[in-house]
Every structure is written in structure tokens, then in C-alpha cells.
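The form predicted alone is given below as one chain in C-alpha cells.
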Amino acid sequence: MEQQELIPHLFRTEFRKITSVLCKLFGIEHIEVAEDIASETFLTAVESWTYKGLPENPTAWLYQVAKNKANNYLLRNKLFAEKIKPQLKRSSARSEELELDMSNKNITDSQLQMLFVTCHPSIPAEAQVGLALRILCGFGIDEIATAFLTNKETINKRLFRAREKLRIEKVSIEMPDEAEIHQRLETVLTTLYLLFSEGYYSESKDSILRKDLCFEAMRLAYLLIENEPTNTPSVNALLSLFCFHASRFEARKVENGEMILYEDQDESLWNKELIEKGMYFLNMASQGKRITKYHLEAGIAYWHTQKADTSEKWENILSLYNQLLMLEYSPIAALNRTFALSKVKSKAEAIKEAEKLQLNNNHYYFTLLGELYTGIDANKARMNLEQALSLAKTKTDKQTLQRKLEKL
């Protein structure tokens, strides 16, 4: 791998490891120190490798430089050192030096513990996702700003407030105890769900970034599955959902970012390996007694990996939506249910159910009504699609609606 490709790759994979291990060692009140040391390590790599060439083992080089920088920081900041000293290991009888444990086990443990910290219920959901992207996924501030379709200043303020809140709450970097872990796990799963959604439904034209967001959510979910206390049916159901959605990633959008509707997708572009993994994790999720929204959404996503337009498929999807709405009502889920209803019953019945929702500020609502009225009432179909077009905010949505109107 060329140097110009290797450094960004290592930043994505190693920044999060170094930061998590340092955060665990220093404590939550020094989270920014950990981030700064990790960032400075990569700046040194850029400067050194540009002139001296790549070291024999770039990853080990980064870990050693991070350790040296952490020890230098301790020497320069006596007050900080006094707070950290109890956590240091004596490397010799004459001196105290920071031992940076970069073993695979400590890296995994540190990342799991930081996952529960970044998903602490004391900070808002969008801040949880941003903090997870920064600390656990190695995303730069620019990338996070792009993911949220905002600017660097907003992201920096959001992350600053989140770190301050964690400091004030004195959140400890450790796995919750057995009594608390399942309650806290719900917040973690919600954050991973939002993180995946940021990528899957993102309006950013940066297709690499969108995929990375999804794959990072999947990686963190897999960390939970590899850890026995958090390897629960709901975690398996969530990862199953991610796999099914990600399997159709390549078929959903063309290069200019324009959305390809489900019925028009090229099935040959669907990732069969991810579909098989989704089925495996969904099977593992069935071992519990409790059905979560992730189980039901994964079931719906599974049926969408079956391209054949059969009555069995749509009856199962409709049944799953019915259960989902009883478990946790969502206007969007109710809207999606009406499309399945049109496939099982009729467009006329689906229109009645859809119009009860009265989602008058949602362009998807009018898009669906336009779709349902097509073939029944051309004027109403056009009227609803025009209303959807007037409400659509993104260029992609507007292009899709314009094509529908042209077909009418």
C-alpha cells in the first residue's frame, strides 16, 4: 500500500485504538488529552515517513510514538501526572513510565467500555453518534460534519458539550455491571442504529463515507456479539438488519447519487454473502424469548432481499409491520405498512389507510399516495406527486419525483 493511502487507512483503524486505550488509562476527564496525543502521533508519522520512508512495522511504530508522547505529556504537566500516577505501572525501580497496553484484548476491552461511555444516556443522541464517530471510528471532524450535513464549528461545539457532560457526570470508563448492562445496552443499540442510518439514508454524495458509516456501525455491533455478556438476541437482530440493508447498498444509488427505487434495482448487484450473514444473525436472534423492533425490522429487511413479487412475501411483510406498530408506533413505519397493504389487499384499501395518517409535511407521504393513485385516478396521482415535489428538500428526491411525473 502506498504511503498516501496507508496513513489515512491507519488513521481510521489505529486512531480509535490508541484513543480508547489512553481514555481508559487517563479517565473520562482527560478524554481530549487522549484524542490530542493520538492526533499528534499521526502528525509525527506524516512528517517522519515523508522524509525517512515507511518503518518496517508502521502500526508498532505508531504505538511506540503514542507511548512516548503520553510520557512526555506527563513530564510536562505535573498536575496531570499527579492525578494519573496511581494508574501507572513501574517499569523500573528508578522511574515511573506509562506502559501503553496495546494488546488485542486490551484494545477490544477499551473500545467496548468506550462504546458504553459514548452512548451514556446523559448526552443527546446526535452527540452520542458524533462522539462514537470520533473516538470509536476514527473519523475526522470534517468527515463527521459531512455525515451530519453541517459544519466543523457545529460538530466541535457538539462534541465539546458532550465531553463536558461526561466529565460533570463523572462517568467511569468500564463495562456496566450485570444488573445495569441490559438497560444501558438499549441506548448503545439505538446509537448504532442511528449511526447506520446516517450512512444508509445519507444525502451526502460521498459514497465512500456513506459506506464507512454503515460498516463502522456493523463493526461495533460485532464487538458486542464477540463479548459474551452483550451477545444478546437483540444485538444479533440489529446486526442482521444491518447486513440485509448493506447487502443492497451497491444497487440503491447510481454514481451521481440518484436513488434507484427498489423495484428497479439490479439484483445481481446485491451482496449474497451479506444476505447469508444476515440470515445467520437473524437465526441467532431467535434464541431469546423477547421480540424487539430490531427483530421485526430485520424480518422486513430479509423479505426485501427476496426479489420475487409473491403473495407470501408481502403477507409476511404486512404481518411484521403490524407487529412493529403494536410494539413501537412510528408514522413512517405506518406509512410503509400501507404499501405492503396495497400488495396484499388493494390500492384502494391502502389509500384509505394512508390518508388517515395525515402526514401533510412529509414528502414521502405524498409520494406514496401518488404511487397508490397511479392507475386509479391520474389527476390525484399527479396532484400528490406535485405536492411531494414541492416538499422534497434534496436534489435526489426531486429527480426521482420528476421522473414519476414524466411517466404519468
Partner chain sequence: MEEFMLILRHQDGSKIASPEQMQVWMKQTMDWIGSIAAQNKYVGGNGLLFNGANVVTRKKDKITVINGPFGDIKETLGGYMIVKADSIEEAIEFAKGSPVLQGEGNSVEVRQIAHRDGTR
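Residue numbers count along the first chain shown, from 1. What you see is a predicted model, and the numbers here were worked out from it, not measured in a lab.
Not pictured, yet referred to below: the form predicted in complex with the partner chain.
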Legend entry - Candidate from 194, 223, 269, 325 lying within 4.5 Å of the partner chain in the model of the complex - any heavy atom: 325
Inset, instruction - Name the residue from 275, 100, 159, 318 that puts a heavy atom within 4.5 Å of the partner chain in the model of the complex. - result: 318
Inset, instruction - Just one of 39-47, 56-64, 352-360, 373-381 has residues with a heavy atom within 4.5 Å of the partner chain in the model of the complex, so point it out. - result: 352-360
Inset, instruction - Kindly indicate whether 215, 219 and 251 are, all three, within 4.5 angstroms of the partner chain in the model of the complex, using heavy atoms. - result: no
Inset, instruction - Verify the contact flag for residue 329: yes if a non-hydrogen atom of it lies within 4.5 Å of a non-hydrogen atom of the partner chain in the model of the complex, no if not. - result: yes
Inset, instruction - Evaluate residue 175 for contact with the partner chain in the model of the complex, applying a 4.5 angstroms cut-off between non-hydrogen atoms, and reply yes or no. - result: no
Legend entry - Partner contact for residue 337 in the model of the complex: the partner chain, 4.5 angstroms, heavy atom: yes
